[in-house]
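The chain that follows stands alone, in the form predicted alone, written as structure tokens.
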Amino acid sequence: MILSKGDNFKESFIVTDDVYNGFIHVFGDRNPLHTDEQFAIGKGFSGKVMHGNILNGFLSYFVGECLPSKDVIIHGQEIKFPNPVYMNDRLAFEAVVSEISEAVGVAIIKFKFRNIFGKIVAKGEIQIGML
């Protein structure tokens, strides 16, 4: 197996205008919490809240491009969003392999995204199949 229990990974992501606008263009989610500054502020946020599924795109990039093998597939994932992400937030991504099952070729990777203030904005786990 190319992964071992305890393997650590770090990456950095920025929610740029291109990422945000690309998400809206492709998926059409124009909920006012994500697109209307005053609406979001009126709901108690500091500004437009970025779509949580943008972070799923960063997870896809991590699995497809940052792991030491391309012979992988996502079997499942769970993600929670305890704090909002805003435009131009720089996110520190940390992941650790928490479990390996060589018998079935599966790895469980736990991850966190933190903003520049160190607050966790998303966390969860991904189950990866080794092809």
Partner chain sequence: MERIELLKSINDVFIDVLDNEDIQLTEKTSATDVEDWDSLNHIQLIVAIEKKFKIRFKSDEIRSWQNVGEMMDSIETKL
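Residue numbers count along the first chain shown, from 1. Only a predicted model underlies this, so the values are computations on that prediction, with no experimental measurement involved.
There is another form of the same protein, the form predicted together with the partner chain; it is not shown, and what comes next is about it.
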item: The partner chain contact in the model of the complex: residue 99, any heavy atom under 4.5 Å; value: yes
item: Heavy atom of residue 75 within 4.5 Å of the partner chain in the model of the complex; value: yes
item: Any non-hydrogen atom of residue 106 within 4.5 angstroms of the partner chain in the model of the complex; value: yes
item: Partner contacts for 54-69, taking the partner chain in the model of the complex and a 4.5 Å heavy atom cut-off; value: none
